[in-house]
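Here we start with a single chain on its own, the form predicted on its own, put down as structure tokens.
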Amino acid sequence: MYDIELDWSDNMKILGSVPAKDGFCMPGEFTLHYGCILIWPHRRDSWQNGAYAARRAFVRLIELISMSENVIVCARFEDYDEARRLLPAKVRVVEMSSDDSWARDVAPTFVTDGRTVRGIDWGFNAWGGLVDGLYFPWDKDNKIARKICDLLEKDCYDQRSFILEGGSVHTDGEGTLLTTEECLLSDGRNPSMTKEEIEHKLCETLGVKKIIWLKRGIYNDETNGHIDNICAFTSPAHVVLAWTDDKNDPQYEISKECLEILESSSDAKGRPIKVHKLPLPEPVYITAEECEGLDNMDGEPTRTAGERLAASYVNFYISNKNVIVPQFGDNNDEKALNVLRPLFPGREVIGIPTRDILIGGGNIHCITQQIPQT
């Protein structure tokens, strides 16, 4: 019999309270980070040619993020050795099972009181569950948030009864939150809740006081219009909005509607919202060759040649040193970088090719989840 006294005081606790009542809120993404979480891509019906092309894009992104913050990459057992071999030595690679690789949506949303960081474990149902979800099952993904809190020894708020993905909300850290009705009011999320009840839930969990509801997200976005593909805070009271001047593009009316809402809105502190139009690339369509590189799911193809992908420069990641922006080999690639550069003084705005990530259904912001410093 061993006479050993164990002190578990620093280990992760599951909390039944709500963050706002405890003095916690979600900080703006442009504040200082401790690090970033990603999940090594592996799903062959999401990522073409066995995910090898996507992995090269992930490596380049991870190299840039790791220049100024800690990076944790979660990899399945069968992928661990390859991830460890390809990634910089300073990147932490941990073994963790997953259904896919969208860290933004399955990792914890982190909140802080200015001294301590905690995580929120939302319910995840693959963007719509059995109504219009993108894959089944999703049980491995639904366990990732709590596993990461355990790994980081961060206390974790149990909010699994509420379906929410990290890509569906964006905050300024000063009481204002952006989201879309298309996503949060969709039948596959929380159909028993009213808009007012959902708004209350967001306020008490993310510590916000005002929510700006845009109607819709990027055209043909299979997440039901995540906010992180169409609009994002670059600093308090300043946002970028995905924009096209082409009135024949179905995106034009969506972005115009968003612009009208934003320009008539103020934030939680009463400041008018300043909108910076971020041009969209020309429509990006998946090719027959790219479709051939994807496995079928349940006997059916996941993409069809000529399908329009939800390409947007808004889907960037703000690291401590850089702002890393998707590039599509488009005439607007450099224009988008030039719009963003003055909005992020002190950070270098860098573009990297991400078509091989986009084929999976999202982009840079979708595959990353920041951990705030405090």
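What you are looking at is a predicted structure, and each value in this text was computed from that prediction instead of being measured. Start at 1 with the first residue shown and count on from there.
Only in words, not in the display: the form predicted in complex with 6-aminohexanamide, which the text now covers.
Asks: Give me the residue from 261, 291, 237, 134 that has a heavy atom within 4.5 Å of 6-aminohexanamide in the model of the complex.
Replies: Of 261, 291, 237, 134, the residue with a heavy atom within 4.5 Å of 6-aminohexanamide in the model of the complex is 134.
Asks: In the model of the complex, which of the listed residues (150, 249, 222, 174) lies with a heavy atom within 4.5 Å of 6-aminohexanamide?
Replies: Exactly one listed residue reaches within 4.5 Å, namely 222.
Asks: Quick one: does residue 303 come within 4.5 Å of 6-aminohexanamide in the model of the complex, counting heavy atoms only?
Replies: Looking in the model of the complex, residue contacts with 6-aminohexanamide include residue 303, since a heavy atom lies within 4.5 Å.
Asks: Is residue 19 a contact residue for 6-aminohexanamide in the model of the complex, using a 4.5 Å heavy atom cut-off?
Replies: Looking in the model of the complex, residue contacts with 6-aminohexanamide do not include residue 19, since no heavy atom lies within 4.5 Å.
Asks: Any chance residue 327 has a heavy atom within 4.5 Å of 6-aminohexanamide in the model of the complex?
Replies: No, residue 327 is distant from the partner.
Asks: Can you tell me if residue 46 lies within 4.5 angstroms of 6-aminohexanamide in the model of the complex, counting non-hydrogen atoms only?
Replies: It does: once 6-aminohexanamide is placed as it appears in the model of the complex, residue 46 has a heavy atom within 4.5 Å of it.
Asks: Among 209 to 217, 269 to 277, 126 to 134, 75 to 83, which stretch has residues with heavy atoms no more than 4.5 Å from 6-aminohexanamide in the model of the complex?
Replies: Comparing against 6-aminohexanamide in the model of the complex, the contact stretch is 126 to 134.
Asks: Is it true that 50, 54 and 356 each have at least one non-hydrogen atom within 4.5 Å of 6-aminohexanamide in the model of the complex?
Replies: Checked in the model of the complex: no contact with 6-aminohexanamide for any of the three.
Asks: Heavy atom within 4.5 Å of 6-aminohexanamide in the model of the complex: which residues of 341 to 356 meet that condition, in order?
Replies: None of them.
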